[in-house]
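Presented below, as structure tokens, is a lone chain in the form predicted on its own.
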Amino acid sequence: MANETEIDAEVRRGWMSLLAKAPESALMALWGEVSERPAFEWLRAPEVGGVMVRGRMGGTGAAFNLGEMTVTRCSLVLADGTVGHGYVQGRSKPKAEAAALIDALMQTGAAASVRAVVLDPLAGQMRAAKAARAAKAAATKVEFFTMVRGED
């Protein structure tokens, strides 16, 4: 069992972000391919709630409340004592449970297998979707050219 403090915080933040933002259908399809599901106990059963989303103008301005977003969260502990947390967008309790289990497994010896079966394919799917959106938006881009008239 790896202690939470032994896991690089930036690396963990990356997989937690990926799980939180992933479409439920994609995550659950990949999670279905994981054959061994560990036994666990709930520390906090999945529950739906709201969070305030804050923003900044230009990334550097004063923070302001943008609005509320629905999230589902849960926490669990594996038989070996590893704790996993799941925070996901929306109201999906199964997605939050899967995210918490994946978080816990990524802190154990099963991390390489979970990364290969779930996280890497999921990251690839999300990159492809982002590239497709960018290409669609680029197709509508309009270029404006100004002609100089010779007057100063």
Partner chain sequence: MYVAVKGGETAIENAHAWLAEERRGDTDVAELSLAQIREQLGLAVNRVMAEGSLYDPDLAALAIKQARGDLIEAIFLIRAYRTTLPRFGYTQPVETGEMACDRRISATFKDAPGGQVLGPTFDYTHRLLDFKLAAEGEVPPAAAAEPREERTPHISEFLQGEDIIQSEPESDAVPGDLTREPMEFPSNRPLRLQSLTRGDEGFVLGMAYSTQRGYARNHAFVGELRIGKVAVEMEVPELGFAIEIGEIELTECETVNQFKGSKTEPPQFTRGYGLVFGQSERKSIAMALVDRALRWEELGEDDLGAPAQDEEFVLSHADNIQATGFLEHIKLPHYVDFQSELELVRKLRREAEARVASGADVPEAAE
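Keep in mind the model is a prediction, meaning the values are calculated, not measured. Residue numbers count along the first chain shown, from 1.
The form predicted in complex with its partner chain exists for this protein as well; it is not shown, and the discussion that follows is about that form.
Contact annotation for L78: none of its heavy atoms lies within 4.5 Å of its partner chain in the predicted complex. In the predicted complex, its partner chain lies farther than 4.5 Å from every heavy atom of S35. Under a 4.5 angstroms non-hydrogen atom cutoff, its partner chain in the predicted complex lacks A39 among its neighbouring residues. Under a 4.5 angstroms non-hydrogen atom cutoff, its partner chain in the predicted complex lacks D120 among its neighbouring residues. Interface residues of 32 to 51, taken as those with a heavy atom within 4.5 Å of its partner chain in the predicted complex (partner not displayed): R44, E47, V48, G49, G50, V51, in sequence order.
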